[in-house]
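Single chain ahead, by itself, as structure tokens, in the form predicted on its own.
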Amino acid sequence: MAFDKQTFWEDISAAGTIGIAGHIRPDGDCVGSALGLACYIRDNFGKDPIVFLEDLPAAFAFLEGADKVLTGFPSSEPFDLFIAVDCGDEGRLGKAMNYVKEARKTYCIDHHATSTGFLENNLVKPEAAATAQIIYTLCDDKGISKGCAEALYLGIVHDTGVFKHSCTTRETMEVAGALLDHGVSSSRIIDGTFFEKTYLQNQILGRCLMESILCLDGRVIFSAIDRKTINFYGLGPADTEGIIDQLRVTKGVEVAILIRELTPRSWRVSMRSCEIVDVAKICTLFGGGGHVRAAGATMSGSRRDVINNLTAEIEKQL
């Protein structure tokens, strides 16, 4: 069903209970979109949505409403309205999909080109740099508080790589500027949640860079983190944030690949490209998805199998 802005807010106004969830392994845009939307609803409709996220990275704990986020998925009565943000399909929504199946009405707000429009009402805008950007356009600027603005600004910052990715447009910058007018501290969010790294994050970044390998005439770089390394350092998902982006800026590289072993012979794949390769197209072949320049998937096999399968597809596009 087509998404209607007026109907969306009318449904929120009429709903007794509202749930919001983002994709598994939530990133900045996912967290910022979920908390920003929840904050706007609280401020303007007098309702208190329940936000479900698989995990909440510690760097985002300062956001308004972060202390209320549920990282577990307890059983509950069906929600009157359930909203999925920054999530393109059932698999990416994870355990929160159970709430969707029971909800009386559902909405999806997303910007992934591979989004399947899997809910009752879907607003999918692949041209938007971030889901947080879309949510801003749905809101009345006069009704945006500082807490809401901080969450949405954080979402945009993270999905644009601090406004340097090719998805950044004039509208993106205008929205970001409008959010700054609400008292957002740009340096606090950019330095504190994007650039600042723990000592452990720097350790694993250094190891991944040192052990990385160039292939396809230096146009592809990849690195792998196996279970032995994960266990040795006690790594969590947040500890590997930023590694793939550092690999991508290697001179002469078109595609960067980071694979992280989940279980024996199961790997989480992250891919980034610069100008030529559509990594979303490749990840979709292996059951994943994402954006043209940033995508991911989960693949099975040995490390060699995964890299060989990915580079074969990259080579076709190069």
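What you see is a predicted model; the values in this text were computed from it and never measured. Note that residue numbering follows the sequence shown and begins at 1.
There is also a form predicted together with a small molecule; it is not shown, and the following applies to it.
Novice: Residue 114: heavy atom within 4.5 Å of the small molecule in the predicted bound form?
Specialist: Contact check for residue 114: yes, within 4.5 Å of the small molecule in the predicted bound form.
Novice: Within 4.5 Å, heavy atoms only: does residue 296 come near the small molecule in the predicted bound form?
Specialist: It does: once the small molecule is placed as it appears in the predicted bound form, residue 296 has a heavy atom within 4.5 Å of it.
Novice: Taking the shortest heavy atom distance, is residue 248 within 4.5 Å of the small molecule in the predicted bound form?
Specialist: No - in the predicted bound form, heavy atoms of residue 248 and the small molecule never come within 4.5 Å of each other.
Novice: Going by a heavy atom distance of 4.5 Å, is residue 290 a contact of the small molecule in the predicted bound form?
Specialist: Residue 290 belongs to the contact set for the small molecule.
Novice: Answer with one of 89, 80, 239, 120: the residue that has a non-hydrogen atom within 4.5 Å of the small molecule in the predicted bound form.
Specialist: Checking each option against the small molecule in the predicted bound form, the one that comes within 4.5 Å is 89.
Novice: The chain here is shown without the small molecule. Which stretch in 47-55, 264-272, 32-40, 60-68 comes within 4.5 angstroms of it in the predicted bound form, by heavy atom distance?
Specialist: Stretch with heavy atoms near the partner: 264-272.
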